[in-house]
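In structure tokens, one chain follows: the form predicted on its own.
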């Protein structure tokens, strides 16, 4: 968990705004360190977390979380964390075996035109649960949905409209109905004005999610190129309303990622350039 980022966002495990959709995006950089931050943050806050890990194995997320002081294995055992391992579930659909149970949540792999209803139903059942607590079971705070990363669904042949519908229904369920929070990562590989079809679809997804979210964290490389002491920059955009008028507040920070954390600082204030 990154204390400097918590200070920037004015949040703590004991005090954070509920009902928020936080969009994490990156361009020519890697924003996955923010997903690890929010995963450890919400587990420390005793939230009930549903994590759709579509790009890495459980072992990967567990190893990183261990360095941040959180045990995903214990969280799963206690029922606090529901982890969906997309890589393993894909194999059960693409290379079915007699004794393996095929994942219904990934049925769009056989036919992308069916959309993401089954994946949404998995999320719904995970965040709502059975509705009854066993005797002695721990009670958790608000539900949280994390997705790493949504762009993978485009690569698997899902239409961008279906992906935006999925995020919309998840937001309605988690943020509005349950007053929980949602964090999604989306990647854009090219420049904003690239004409490549794949990049155009990624831009449509990014713009659609930006319209839906309450807070966006956009990570990108430095415009000046590689720097050993500054790994990139992050634009933070808060959406607020003043009466009936929407208002955007933007701040730009630079950052450096370490093995067990990250530091954030105003542009040009790093010790490397002072």
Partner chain sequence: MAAPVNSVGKTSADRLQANCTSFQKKTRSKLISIPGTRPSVQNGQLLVSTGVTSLDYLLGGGLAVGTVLLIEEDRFDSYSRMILKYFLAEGVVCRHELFVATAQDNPDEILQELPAPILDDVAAPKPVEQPRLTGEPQDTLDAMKIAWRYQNLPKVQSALASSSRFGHYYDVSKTMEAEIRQAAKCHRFYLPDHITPSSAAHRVESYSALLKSLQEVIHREGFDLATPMSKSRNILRVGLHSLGSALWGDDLCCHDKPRHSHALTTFLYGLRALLRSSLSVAVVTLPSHLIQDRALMGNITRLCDNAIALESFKGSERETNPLYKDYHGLLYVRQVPHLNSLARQLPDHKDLAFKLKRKQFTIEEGMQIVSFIPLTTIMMMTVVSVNSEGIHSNVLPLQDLMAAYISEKMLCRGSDLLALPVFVPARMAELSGLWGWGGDFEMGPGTDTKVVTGTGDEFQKLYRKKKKKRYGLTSAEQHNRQKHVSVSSTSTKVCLITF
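Every value quoted in this text rests on a predicted model; they were computed, and no experiment measured them. Residue numbers count along the first chain shown, from 1.
Heads up, the form predicted in complex with its partner chain isn't pictured, but that's what we're talking about next.
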| item | value |
| --- | --- |
| 4.5 Å heavy atom contact, residue 77 to its partner chain in the model of the complex | yes |
| Proximity of residue 165 to its partner chain in the model of the complex, heavy atoms at 4.5 Å | no |
| Its partner chain contact in the model of the complex: residue 86, any heavy atom under 4.5 Å | yes |
| Contact label in the model of the complex: residue 67 to its partner chain, heavy atom within 4.5 Å | yes |
| Position in contact with its partner chain when the complex is considered in the model of the complex, options 155, 118, 179, 125, heavy atoms within 4.5 Å | 155 |
| In the model of the complex, the residue from 220, 56, 212, 216 that sits within 4.5 Å of its partner chain by heavy atoms | 56 |
| One stretch from 245-253, 203-211, 42-50, 56-64 that, in the model of the complex, holds residues within 4.5 Å of its partner chain by heavy atom | 56-64 |
| Site check 7, 25 and 239: each within 4.5 Å of its partner chain in the model of the complex by heavy atom | no |
| Heavy atom contacts to its partner chain in the model of the complex at 4.5 Å, residues of 14-48 in sequence order | 30, 32, 33, 36 |
